[in-house]
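Shown here is one chain on its own, the form predicted alone, set out as structure tokens.
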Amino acid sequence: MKVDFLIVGAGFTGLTLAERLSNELDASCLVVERRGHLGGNAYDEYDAHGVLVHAYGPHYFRSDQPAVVDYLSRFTGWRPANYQVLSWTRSRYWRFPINLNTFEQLVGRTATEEEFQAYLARVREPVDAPRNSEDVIVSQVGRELYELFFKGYTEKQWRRSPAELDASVCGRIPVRTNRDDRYLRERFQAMPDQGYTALFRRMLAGCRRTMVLLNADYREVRAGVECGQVIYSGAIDEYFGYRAGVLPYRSLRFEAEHFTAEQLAGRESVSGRPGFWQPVVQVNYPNDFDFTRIVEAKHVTGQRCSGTTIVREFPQDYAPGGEAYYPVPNAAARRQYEAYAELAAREPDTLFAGRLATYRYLNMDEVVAQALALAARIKAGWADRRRRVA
């Protein structure tokens, strides 16, 4: 078999590149995916009870990049989403991210923004240049709120102290002194109106001269394929046979539980409305439980059904051959990755893209932007490359 591009991975990276390269260059593409479905970790599906769930943890699409939103809008409509999060600790729900409402819960009375600002000024621990996630939070909100919401959650999620992780890990979560309790900062926040899997199917349907192999090992496929270039979006250390050691990742385990309408009848005082188990899409459990969060996707998918499904998320250690979800964001991991980046730069006719292949903690819109930029670079050198190959 002969193709222009062998693309490894059928997630946002692989399908964006297949769509762009097949349509803009009339290139032939073979997409190889080891799982049995499109979409990578953004894959969603209807469970046995007919509830739409995110199979690999919640995916909250948001973006400040109009070009990415415009591109994906070719393949999906959007449902505006309010990604609300609460934190359960000290036997109660807390408003989160930290805002004026959270402060009022802490002091047990109504308060003004000025009072909250004065409190923060008093409890902050001065840090001139935050070097890690502990620094960045205690320098904003002090030690009590840091330990209440961040310390335990981060230690469970990463199996490392926040002091061992880049400032960007906890710095991703906003702290506000007004009553704005939105979880995310980006201007565009929405869900694909028919789900992520429907989006991916439309992307694939829009590809020219593209074939997808599911449940396939790219190494086995590669032996029987002649291709111009390989585009790889899997774990970079796996690609190179762990030549520079196993990169640190965190993995996850999910436990789903379904509730019928009858079972939910007694939860209405907790959830705030019929048909739901918890008040918002995500509740964090920073301290007293083995899991880090419970997600009830029905809050943001807009699905109307009498029952619901919740998913508890348990962080776990990663082993080669398992599912790598999160690159570990700290200096030691970056130094180890640099050895693989040097190998990648010398790998003939192979390009590396995506969260795992570039060992970066990227959001979905950043992954798509990276893939679009790579497609543009390939397009810019396409004519010259074709002449050289000929």
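Heads up: residue numbers just count along the shown sequence, starting at 1. The model shown is predicted, which means the values in this text are computed figures rather than measured ones.
This next part talks about the form predicted together with a small molecule, which is not shown.
Proximity of residue 297 to the small molecule in the model of the complex: non-hydrogen atoms within 4.5 Å are absent; the residue sits far from the partner. The small molecule in the model of the complex comes within 4.5 Å of a heavy atom belonging to residue 361.
When the small molecule is considered in the model of the complex, residue 326 lines it closely, a heavy atom lying within 4.5 Å.
The small molecule is not drawn, but in the model of the complex it has a heavy atom within 4.5 Å of residue 169.
Remark: of stretches 260-268, 110-118, 297-305, 146-154, the one touching the small molecule in the model of the complex is 146-154 (heavy atom within 4.5 Å). Only one of 94, 75, 277, 183 lies close to the small molecule in the model of the complex, with a heavy atom inside 4.5 Å, and it is 183. A heavy atom within 4.5 Å of the small molecule in the model of the complex is found for exactly one of 101, 284, 197, 189: 284.
For the three residues 20, 352 and 369, a heavy atom within 4.5 Å of the small molecule turns up in the model of the complex in no case.
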